[in-house]
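Just the one chain here, laid out as structure tokens, in the form predicted on its own.
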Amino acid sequence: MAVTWYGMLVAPSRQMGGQQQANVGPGNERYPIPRLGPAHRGAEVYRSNGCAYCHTQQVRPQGYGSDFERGWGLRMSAAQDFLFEETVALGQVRMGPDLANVGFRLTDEAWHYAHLYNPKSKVTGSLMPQYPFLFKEQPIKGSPSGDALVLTGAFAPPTGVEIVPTKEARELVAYLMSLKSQVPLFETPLPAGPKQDAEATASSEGAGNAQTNLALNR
């Protein structure tokens, strides 16, 4: 019992407790850094809305599923990625795509707002629920607000009305944009070569195209 207790509790606690920030990149930037401001508060919005019930934040190693092939990450997740997380939202079910690196994969904030308001406006056949309570309808006074959602067709609001994000929606999107795990670590280096970098850039720039929709539906 003593050996089991040590192996399951003490040893992992000592190993995780010894994790520290790493110096990465040509400028020796520190990774990870604590989330501050809206992104920090957005983590609570993420948790309170049950996002972790359908999304994971853990890219599996090569050969353990198709995470890499789906473009969900450039490397497997490591314990160091969660160094400053108050509550780690690893998740267990993938009704939706993994989000460990979504801030690098989908860089258009307007896309995220429209997707949260009505996922089908961006991903045909999406199973994700709508979150209209994170937005508010208001009459257009003069010209539309700069942060009003651009919705067309069946998703467009009534004439003279615009949809704008609430404080919680802004915080949630800030949190999603902060989820970036493409930094190379000692135990999880990035794949070598320019091909992977080009593919990652294409995935990031193509948030609104059919290829991105296919990846999100998986």
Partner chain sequence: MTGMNTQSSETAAGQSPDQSAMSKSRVLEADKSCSVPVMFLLTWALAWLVGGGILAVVSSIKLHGPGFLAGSAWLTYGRVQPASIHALLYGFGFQAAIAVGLWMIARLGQAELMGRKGILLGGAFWNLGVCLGVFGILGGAGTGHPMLEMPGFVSPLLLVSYSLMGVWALITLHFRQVRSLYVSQWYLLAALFWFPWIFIAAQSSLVFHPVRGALQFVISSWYGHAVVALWLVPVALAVLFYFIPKLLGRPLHSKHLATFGFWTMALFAGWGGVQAGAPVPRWISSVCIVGGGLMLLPLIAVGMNWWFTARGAKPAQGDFVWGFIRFAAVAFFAAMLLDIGGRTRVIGEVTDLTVFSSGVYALYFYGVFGMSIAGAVYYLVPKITQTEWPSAQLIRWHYLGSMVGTVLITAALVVGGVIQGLRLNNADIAFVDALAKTVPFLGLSTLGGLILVAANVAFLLNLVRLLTVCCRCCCCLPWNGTANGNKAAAVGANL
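None of these values were measured; they are calculated from a predicted model. Residue numbers count along the first chain shown, from 1.
Keep in mind the form predicted together with the partner chain is missing from the figure; the text below concerns it.
Novice: Quick one: which of 175 to 183, 51 to 59, 145 to 153, 30 to 38 gets within 4.5 Å of the partner chain in the predicted complex, going by heavy atoms?
Specialist: Result of the contact check: 51 to 59.
Novice: Look up in the predicted complex whether residue 140 has a non-hydrogen atom within 4.5 angstroms of the partner chain, and give yes or no.
Specialist: Because no heavy atom of residue 140 falls inside 4.5 Å of the partner chain in the predicted complex, the answer is no.
Novice: Would residue 15 show up as a contact with the partner chain in the predicted complex if we use heavy atoms at 4.5 Å?
Specialist: Residue 15 belongs to the contact set for the partner chain.
Novice: Please determine whether residue 19 contacts the partner chain in the predicted complex, using a 4.5 Å cut-off between heavy atoms.
Specialist: Residue 19 belongs to the contact set for the partner chain.
Novice: Indicate whether residue 73 is a 4.5 Å heavy atom neighbour of the partner chain in the predicted complex.
Specialist: Residue-level check for residue 73: no, no contact with the partner chain.
Novice: Taking heavy atoms and a 4.5 Å limit, what residues of 57 to 82 are near the partner chain in the predicted complex?
Specialist: The stretch 57 to 82, when checked against the partner chain in the predicted complex, contributes 58, 60, 61, 63, 64, 65, 66, 69, 70, 72, 76, 77, 78, 79, 82 at the 4.5 Å heavy-atom cut-off.
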